[in-house]
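The form predicted alone is given below as one chain in structure tokens.
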């Protein structure tokens, strides 16, 4: 579904932040991108989305090179949904208006049908359709931003730090909602996250970036369980049991 091939990218006249990144993500899986601040996680997601054009390499969706396709065209023509980290809802608009903004390019009948489906899937939003987004909790606003991205029925969903600013309880609910989207729709989901333990708990595969390169990649469950991974990248001490590392160092 998504293939990133040897991508280099940066901003303005600055140096390359991404230095030859490779990544793949398929339908029916969550791929999470992890790493310390400044390693290039958000830049990689912005390259995939179309906010940043690669300086080298290519981004493909369903076998087509979309490296130069801007984000609005990917949303419309390549069925991509994108949820930014901040400012991801319009506080002065109602819940209903926020969601419907994500479907402006759809025919009215299809837009209304998708809206009704989302209200059935997210009853907490359905009960607050006419409330302004500013009245929602942080977790509810994040679910609202997901609903707005989903109304266009995307094949690909890109999430930039979906747990940012949330309490542990709300963070758990948001990650559960993301996993439910994958299980129900078979969507391809690529997620940048700082909360590595939570992200690996719902992801199928993960890439760990370091200084603009892929340092480690592998199955999320293996990375979560591996002592070296926990010690080096997850901020935890290795467990007592020793074993051969099961991640793929790149």
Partner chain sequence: MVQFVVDVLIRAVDLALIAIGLSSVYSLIRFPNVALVQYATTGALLALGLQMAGLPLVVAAIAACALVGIIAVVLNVVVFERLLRAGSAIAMVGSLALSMVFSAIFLVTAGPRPKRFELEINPPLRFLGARLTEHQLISVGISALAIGVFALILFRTDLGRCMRATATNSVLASATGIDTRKVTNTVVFLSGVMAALGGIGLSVKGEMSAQLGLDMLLPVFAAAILGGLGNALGAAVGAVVIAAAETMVTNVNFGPLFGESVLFIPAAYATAASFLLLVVVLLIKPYGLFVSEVKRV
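The term rigid core refers to the most C-alpha atoms you can superpose between the two forms while keeping them within 1.5 Å. Owing to the predicted nature of the structure, the values given are computational and were not obtained by experimental measurement. Numbering follows the first chain given and starts at 1.
What comes next is about the form predicted in complex with the partner chain, which does not appear here.
Taking the partner from elsewhere, residue 117 is found to have every heavy atom lying beyond 4.5 Å of the partner chain in the model of the complex. Residue contact check for residue 154: none of its heavy atoms lie within 4.5 Å of the partner chain in the model of the complex. Contact annotation for residue 170: none of its heavy atoms lies within 4.5 Å of the partner chain in the model of the complex. With a 4.5 Å cutoff on heavy atoms, residue 71 counts as touching the partner chain in the model of the complex. Here the chain stands alone, but in the model of the complex its contact with the partner chain, taken as any heavy atom within 4.5 Å, falls in 134-142 among 119-127, 134-142, 162-170, 175-183. In the model of the complex, the partner chain lies within 4.5 angstroms of at least one heavy atom of each of the following residues of 46-81: 51, 71, 72, 75, 76, in sequence order. Put the two forms on the same core and the Cα of residue 173 is off by less than 2 Å between the shown form and the other one. For residue 106, a C-alpha deviation of 2 angstroms or more is recorded between the shown form and the other one after rigid-core alignment.
Taking the rigid core as fixed, one finds a CA shift for residue 95 of 2 Å or more between the shown form and the other one. Figure legend: C-alpha atoms of residue 169 and residue 138, shown here, are separated by at least 3 angstroms more in the model of the complex.
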